[in-house]
Ligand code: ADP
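Take a look at this one chain, the form predicted on its own, written out in structure tokens.
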Amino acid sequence: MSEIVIEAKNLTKQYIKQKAVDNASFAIKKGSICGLIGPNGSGKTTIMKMMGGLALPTEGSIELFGESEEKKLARARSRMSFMIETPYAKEVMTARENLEKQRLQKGIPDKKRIDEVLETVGLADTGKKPVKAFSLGMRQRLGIANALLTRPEIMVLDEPINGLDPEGIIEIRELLKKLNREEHITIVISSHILSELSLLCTDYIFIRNGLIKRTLTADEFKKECAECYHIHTDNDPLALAVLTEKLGITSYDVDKDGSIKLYERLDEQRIISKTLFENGVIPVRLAVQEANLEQYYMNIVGGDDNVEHNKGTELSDKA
């Protein structure tokens, strides 16, 4: 079983007139890249602030590396880095000068660490260029470099690709993959650019109005959103028996309502329909379905608060 490095248990944050996070429970595995997905005001940033100790839970608890007592949490947070607000940097200073200032403030004795992180984030050749001349993507990479100074085991990043152009988004995505793969850093990331998260994350947490609506792995997500042949008949158990015995179907799921999703032989719809009919099963609904992360997101956190209870929610037929 994978080691759990972050675990929220009934986590709640109540402000005067608003419950920003409501009884949230989830776990994040070591070595994962976990996407926290939800609209503005859904509670994503509040959860990240509670991870970082910038906000205290009203109820519930958060465990980091298995620790939940406040003094031990403080030590656990020293093994983490956070980029929750816009990365701060002195505009008139260079990347190296900014990192040197941060190194001293953080009490990091190894001066060579600055060269290492500048190389890692692709800013080693910026020389005397001041931060005020940096692109937004370069500023974000500098913020990540600052977060890397302490050699964190976990990085928590709030909207690190927000506002970037396509080239900048790709650069940050590939950088985070590299840090996860080569430095073995667990990453928690929020973003509104859902198509990017689908290219990056190994796990997803969907949140709306402070409520955790769904948690699933990338493999589970891909399976739920994969192109499939959705079959509903007058006798779904018999239909499944016919499909497995007569056609040798092995890749399928059964929804809560009994309907069947086939992930193979999608180009043989006429054969499937004919076989069912010849074996006494009358198809009620036959349709090819496919969805991407945006469509899945709308089904989970869209206008219907109860959508998470209905895994059979119909997704668009188009990608």
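When you see a residue number, it is the position in the sequence shown, counting from 1. This one's a predicted model, so the numbers in the text were calculated from it and none came from an experiment.
The protein also exists as the form predicted in complex with the ligand; that form is not presented, and the subsequent description refers to it.
Mapping the unseen interface onto this chain, P39 counts among the residues with a heavy atom inside 4.5 Å of the ligand in the predicted bound form. Q18 belongs to the set of residues with a heavy atom inside 4.5 Å of the ligand in the predicted bound form. In the predicted bound form, T46 approaches the ligand with a heavy atom inside 4.5 Å.
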